[in-house]
Ligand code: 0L1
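Consider the single chain below, provided in structure tokens and representing the form predicted alone.
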Amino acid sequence: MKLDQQTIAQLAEHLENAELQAHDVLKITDDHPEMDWGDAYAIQNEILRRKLARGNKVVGLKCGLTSRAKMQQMGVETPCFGFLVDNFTVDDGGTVKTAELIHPKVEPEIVFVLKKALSGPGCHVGNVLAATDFVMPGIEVIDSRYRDFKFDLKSVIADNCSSSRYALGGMAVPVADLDLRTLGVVMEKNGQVVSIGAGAAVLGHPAAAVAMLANHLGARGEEIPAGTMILSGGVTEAVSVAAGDHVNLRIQSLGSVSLRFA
């Protein structure tokens, strides 16, 4: 790590204030080009510490930038990982207040819920499928705190991978009879199809993203606990939304989930 603890704490406060006050900032590597990957996750962890100190609860984990479309859209080459807390949760069919966000976008997600803990190193797709209780459809609302959604990978990791809101819906389906790679995904905005994809767009198999998360945590001496809910990453590129929009996601065999924006 290149940054001292005081700088890490200041950057965490800077980014979380941007989230809570819904204003954008410049990417932090502009002022701290020496930042390394350890610094980026340390800033993210400090943001989590701040939220937990205020009474928030962790409700899940997320994989970000896991599809080739998203990597190309954001100009990065490697996935990233973040956390989800309780006040990010929106009910299926519920409303997201755009005044609380900066420039929201939506992504279609295949969501995993584990029945067994997962740990790395060496975690692979088979381990993930064996540890999965069920999968379901989810919409993630991402909202980078960086101006014009312009960032590098270290900056977005520090910003908790643009996490802001999410909704789960559809059916909780065991994975035994599913080929997650071939599940068709259709997302509509205001009744018009805006993105189409399949599960294989996420690293060839969405369980591969969860395996990468387990290996990432394993390298830090941590694991994914049983019962954890995990957003495996956007199947397609993210789609911008604004007040008045209605988004509906349908995933083959899993059902649908929707959100409104006000």
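So that there is no doubt, residue numbering starts at 1 and follows the sequence shown. Remember, it's a predicted structure, so these values are computed and weren't measured experimentally.
Separately, the form predicted in complex with the ligand exists; it is not shown, and the next lines address it.
Contact with the ligand in the predicted complex, defined as a heavy atom within 4.5 Å, holds for exactly one of 111, 161, 167, 118, namely 161. Note on the partner interface in the predicted complex: the residue among 185, 139, 131, 80 having a heavy atom within 4.5 angstroms of the ligand is 80. When the ligand is considered in the predicted complex, residue 64 lines it closely, a heavy atom lying within 4.5 Å. Heavy atoms of residue 156 reach within 4.5 Å of the ligand in the predicted complex, making it an interface residue. In the predicted complex, the ligand sits within 4.5 Å of a heavy atom of residue 74. Looking at residue 88, you'd find every heavy atom of it more than 4.5 angstroms from the ligand in the predicted complex. Only one segment in the set 171-179, 143-151, 118-126, 92-100 has residues whose heavy atoms sit within 4.5 Å of the ligand in the predicted complex; it is 143-151.
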